[in-house]
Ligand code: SAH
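The chain below stands alone and is given as structure tokens, in the form predicted alone.
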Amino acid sequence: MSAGLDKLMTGEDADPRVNLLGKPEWALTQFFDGLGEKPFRARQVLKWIHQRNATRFDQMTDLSKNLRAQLNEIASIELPKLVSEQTSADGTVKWLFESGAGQAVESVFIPEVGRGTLCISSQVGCVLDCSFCATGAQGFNRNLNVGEIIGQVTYANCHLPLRPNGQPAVTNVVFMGMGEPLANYRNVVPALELLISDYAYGLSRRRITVSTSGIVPQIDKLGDECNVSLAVSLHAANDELRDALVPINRVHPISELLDACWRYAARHANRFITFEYVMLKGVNDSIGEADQLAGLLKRKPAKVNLIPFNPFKGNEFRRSSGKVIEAFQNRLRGHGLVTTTRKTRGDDIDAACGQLAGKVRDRVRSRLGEKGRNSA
């Protein structure tokens, strides 16, 4: 991989100042150690940024004036720059954030009784090209860095009203927006550390979900390092169909993927893996396919979340009817599988599952395609 392409893939930040928004505790401790400061400074600054929503160093009144002045020179707290905001009739909020070079990524906040779920993006576009997903149809440009990922959470908490109990609006975070989180592993894990840290967001691991299409080696790494809740975009019960719907299956077929899922679940007692299954009319929604899916998952630590397909421009798939989805769900339940159907939220503003497109200039795929043609 060339140096230029490597930089594009990793989403390196050209700003010479250090964005402290993207630093977990260990990294902030190293940063302040380099300034000759004690480790507790890292915890102070984490609390100011992630619990008190401070965006300026002069707000951090328990830091000395000299340190605040020094931080103003060498560091920043940069929230994502908002391009647009839309609110659905059902209360769902979608934000479009600038990501440079005329591109943008989307985040979605879903308010519910008792909780507020924020769906965040991890990449500008997605290289995996799942056939039923608007993000994949846009192509791929680069990974988001840690500050850009966690900044979506910070922005939401800064701009949404507090919950009735006085707590921040965001209680749950799902990595189900634009991109494949495990393809941006080195930036996603520090973001997860911030979400879990008692000095930052302090969220329970069960309130954080990483959704993957099935990058098996990274599933094992995630289990070792973070072990948050895991959701797997399965969408088919046999390799032939999944190869067509989810191309990563050609690298990590279903049997290999499921073995990694069971290893992940075994790391903690009572841990279940959620398998996401988008319902596509006449493609994967027959009773026979429900039986096949049950054969893969029953008597395993598995839950199934059926997702009514959400259409987007230029895609020929159609949503299974309500009766077909209900019959599919009942068949899985008859096999003893815990099965739910996801309620469609925000589809009137293209904020529903599979509809996030943002603005993506596809640079990497075209380069990789040229490389493939040249080597053929």
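Please read these numbers as outputs of a predicted model, since none were measured by experiment. In this text, residue numbers run from 1 along the sequence as written.
As for the form predicted together with ligand SAH, it is not shown, yet the points below apply to it.
Chemist: What is the one choice in Val170, Leu258, Met176, Val93 with a heavy atom within 4.5 Å of ligand SAH in the predicted bound form?
Modeler: Partner contact (heavy atom, 4.5 Å) among the options: Met176.
Chemist: Tell me, out of Asn187, Asn249, Thr117, Ser233, which residue has a non-hydrogen atom within 4.5 angstroms of ligand SAH in the predicted bound form.
Modeler: After the contact test, the surviving option is Ser233.
Chemist: Against ligand SAH in the predicted bound form, would Phe109 count as a contact residue? Criterion: heavy atoms within 4.5 Å.
Modeler: Taking the distances in the predicted bound form, the answer for Phe109 is no, it never comes within 4.5 Å of ligand SAH.
Chemist: Contact between Leu337 and ligand SAH in the predicted bound form at 4.5 Å, heavy atoms?
Modeler: No.
Chemist: Quick one: is Ile307 in contact with ligand SAH in the predicted bound form, heavy atoms, 4.5 Å cut-off?
Modeler: Yes, Ile307 sits close enough to ligand SAH in the predicted bound form that at least one of its heavy atoms falls within 4.5 Å.
Chemist: Heavy atoms within 4.5 Å of ligand SAH in the predicted bound form: does Val278 have any?
Modeler: It does: once ligand SAH is placed as it appears in the predicted bound form, Val278 has a heavy atom within 4.5 Å of it.
Chemist: Spot the stretch among 153-161, 74-82, 209-217, 285-293 with residues whose non-hydrogen atoms come within 4.5 Å of ligand SAH in the predicted bound form.
Modeler: Heavy atoms within 4.5 Å of ligand SAH in the predicted bound form occur in 209-217.
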